[in-house]
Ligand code: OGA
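For reference, the chain that follows is the form predicted alone, supplied as structure tokens.
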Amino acid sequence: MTIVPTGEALAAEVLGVDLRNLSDEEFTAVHRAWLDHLVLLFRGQHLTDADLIRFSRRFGDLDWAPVQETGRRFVEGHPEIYVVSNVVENGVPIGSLGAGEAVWHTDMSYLETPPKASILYALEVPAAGGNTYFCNMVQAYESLPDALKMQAAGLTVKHDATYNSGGYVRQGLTAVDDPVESPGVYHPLAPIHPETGRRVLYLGRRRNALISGLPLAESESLLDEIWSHATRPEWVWGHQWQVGDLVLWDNRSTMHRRDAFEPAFRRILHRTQIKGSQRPAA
């Protein structure tokens, strides 16, 4: 097994492993590389859904997939798998997010205890478009101006539950576009990573975010400043998908987004999420 950093702000490719047959020693090295590089890429994998779940469980207990926009919950027989796809069968989408852009976000940060990691495995991808980008929220925090860094470390921010990253209203909720009134939970804006001890920015998604204790206008201004800094190109690595790619990321220290792609082309990826063991802590 060889771990090759991308040379960008984050991420490494892991070569020479078959995730269906990963030894304990190899898994220990993968886990260490994941904490060090935040995102890992494994190409050329040949996984069944059961294989994907088995590998994912080595990192911890898994969340059940959230309800999709259509009301469907999961792949039959595999409640842990969430389908990211634009494919429509018999007039019904088989997955979520369609072919549009998915904005910068952290997966399911609106939960009291968000997932610590996400895994995405490519079954079908278009020849172009649908690239996924990740940003390093450790570097984003550490590079803040000193005054803003100190301010951020003492703040909490609301993570909106209304919309998913594709802009769709979540199942069972009503559209709300007032950050003061929107449902959600508050997390520290700059918590300490529970495994590495490093402080990170933890932003969730921009829409309907609100910093506790600040008037809306002041909250919006400060969040705009922090978001503009956190998503600068120097903190970002982009991935162009191939069939058989598996990408694992640390949900506590990254954000990600997706490009739109031509709706006529099929794209099917299966996602699992590893449960977090604690709330983000200041």
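Residue numbers here begin at 1 and follow the sequence given. For clarity, every value in this text was computed on a predicted model and none was experimentally measured.
The following text describes the form predicted in complex with this ligand, which does not appear among the structures shown.
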Inset, instruction - Select from the listed residues Thr156, Thr132, Asn208, Gln139 the one whose heavy atoms reach within 4.5 Å of this ligand in the predicted bound form. - result: Thr132
Legend entry - Contact residue in the predicted bound form, chosen from Ile81, Val84, Val200, Leu203 - any heavy atom within 4.5 Å of this ligand: Val84
Inset, instruction - Answer for Phe59 alone: is it within 4.5 Å of this ligand in the predicted bound form, judged on heavy atom distances? - result: no
Legend entry - Contact label in the predicted bound form: Arg72 to this ligand, heavy atom within 4.5 Å: no
Legend entry - Residue contact check: Leu189 to this ligand in the predicted bound form, 4.5 Å heavy atom: no
Inset, instruction - Give a yes/no on whether His256 approaches this ligand to within 4.5 Å in the predicted bound form, heavy atoms considered. - result: yes
Inset, instruction - Run the contact test on Leu111, Lys116 and Arg252 with a 4.5 Å heavy atom cut-off to this ligand in the predicted bound form and return yes or no. - result: no
Inset, instruction - Would you mind picking out the stretch of 189-197, 167-175, 100-108, 145-153 that comes within 4.5 angstroms of this ligand in the predicted bound form, counting non-hydrogen atoms? - result: 100-108
Legend entry - Within 206-242, the residues that have a heavy atom no more than 4.5 Å from this ligand in the predicted bound form: Trp241
